[in-house]
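Take a look at this one chain, the form predicted alone, written out in structure tokens.
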């Protein structure tokens, strides 16, 4: 049997029409012409279908309207008790969030991070104590269940148009583009959207007519890098107040200026953002990812 010194070159069947692509294969095929097993291998390689790489989605810039000013005290929790079954989550919790604070909530799984946000948003009631919003507070609440409230048969554009009937089509299309819906994608029905697409649409609905108090529960969970960067950019210039849970290190470091760490002993509060928290404690928050 003739010895084959040439390396095997993997070529898809589409490439047979391209002489340059096949240049390195022809000498090999000529030398392999007397070897049936090798010819069979070459035929199998030529039948491999070309897989096109996914197109990179581009987000466009969008100038969000400024949030209206709220009172200095945005939300005040006094003596809050909350439990589920026999499990106590909070017992006598006191917390005050003031205007323009960006509070990130840290803690291990089960510490009560999402429960705190639901209490503040009014999505659940305390067993005892009070949760009081301050004057002129307009809240926007993002949670994973919000994605399930989209009308399945409505398109992306119809959803935006229904929420903002007085907005011009150009403005709404720019909004859709900022959150990754360009061209014919605005005609997609909500029922066929992926989790990431639903999250982007809910974010667009929340930020077009911006509240002055954002309560965000894992807002970047389903977002791609382009949309996450756009969101961080938009929220960096947001002049309202934020209370949020995230396991995204970049999101935490870029946007927080106060840290609330939930522990079995209660809430430990740190002035400064997440970067200062890490420098002070010497450790990262649990469960983070890049």
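Computed from a predicted structure; not experimentally measured. Residue numbers count along the first chain shown, from 1.
One more form of this protein, predicted together with a small molecule, exists but is not displayed; see below.
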{"item": "is_contact(residue 118, the small molecule) in the predicted bound form, heavy atom dist at most 4.5 Å", "value": "yes"}
{"item": "Contact of residue 144 with the small molecule in the predicted bound form (heavy atom, 4.5 Å)", "value": "yes"}
{"item": "Touches the small molecule in the predicted bound form: residue 87 (any heavy atom, 4.5 Å)", "value": "yes"}
{"item": "4.5 Å heavy atom contact, residue 108 to the small molecule in the predicted bound form", "value": "yes"}
{"item": "Heavy atom within 4.5 Å of the small molecule in the predicted bound form - the one residue of 155, 220, 114, 212 that qualifies", "value": "114"}
{"item": "Stretch in contact in the predicted bound form with the small molecule, which is absent here, among 132 to 140, 179 to 187, 79 to 87, 163 to 171 (heavy atoms within 4.5 Å)", "value": "79 to 87"}
